[in-house]
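Have a look below at one chain only, the form predicted on its own, in structure tokens format.
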Amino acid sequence: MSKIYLVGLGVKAGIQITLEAIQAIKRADKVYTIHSSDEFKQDIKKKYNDHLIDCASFFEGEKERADVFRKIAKTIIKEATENENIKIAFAVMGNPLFLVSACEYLIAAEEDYGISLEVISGVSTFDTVLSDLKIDVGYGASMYDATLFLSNNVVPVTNIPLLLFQIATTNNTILNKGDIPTSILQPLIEKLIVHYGAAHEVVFVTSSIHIFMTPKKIKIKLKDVLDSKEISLFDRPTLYVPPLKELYKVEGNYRITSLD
């Protein structure tokens, strides 16, 4: 039986890849990858496996993101079904089970096509955003894809933290090329204002993707978001909406008032 490894490479290129991920890549007969760093892809090819296939070419001539991810999944499935006992790694940024559509297609195909599939976890944007914000959401939190948050008419629970991912593609299925205006966020901001109020402060967080990049955090009131010149949606930030009142924290509970 053929084997497909869904391999998470972490968010920071080259320094968050785990030993488990490296082992899976080394064992693979072929490695397909989606990654924004050409330097890192060449590093994988040089250090771990020279049978590397860059999926950047799959985006050429396509307009819809979903079409690209289906094309990638179909190619990997075909490779696995036509070559008995082949081992294929599909290596992606972050965690393969955190908002990577091509991995969802592959998991859905596991039983249909008689493929053995294994997931190798990696550090995701969810992890890095929590680190950048220095918050612990283990006591309760909500998290959504921004488009689904709108289209499914989700009513936020305002007394726990809210994280909205993929806001740069809010209500947009087309591949983004170039600047993305903050005006696309208008329906999202209007909805949040209804539940949190116009003066509620939120944070746009862009995690660093390499060691020399500093995480970017923009704290701003909801009413000022659409006119902001600081927010760059092209950098793919995550939107953090703090709770109106935290249920699980008592004011001063974690304050050390004296070292005596």
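Note that residue numbering follows the sequence shown and begins at 1. Computed from a predicted model, the values in this text were never measured in an experiment.
As for the form predicted together with a small molecule, it is not shown, yet the points below apply to it.
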Is it the case that L6, K87 and Y113 all touch the small molecule in the predicted complex, with a non-hydrogen atom of each within 4.5 angstroms?
-> no
With the partner omitted here, the residue among A80, L185, I72, M93 that in the predicted complex has a heavy atom within 4.5 Å of the small molecule is M93
Please pick, from V154, I135, M143, L99, the one residue with any non-hydrogen atom lying within 4.5 angstroms of the small molecule in the predicted complex.
-> L99
State yes or no: in the predicted complex, is some non-hydrogen atom of F149 no more than 4.5 angstroms from a non-hydrogen atom of the small molecule?
-> no
According to a 4.5 angstroms non-hydrogen atom cut-off, is T158 in contact with the small molecule in the predicted complex?
-> no
Does I76 reach the small molecule in the predicted complex, with heavy atoms at most 4.5 Å apart?
-> no
With a 4.5 Å heavy atom cut-off, would you call V129 a contact of the small molecule in the predicted complex?
-> yes
From the candidate stretches 176-184, 105-113, 160-168, 135-143, select the single one in contact with the small molecule in the predicted complex, where contact means a heavy atom within 4.5 Å.
-> 160-168
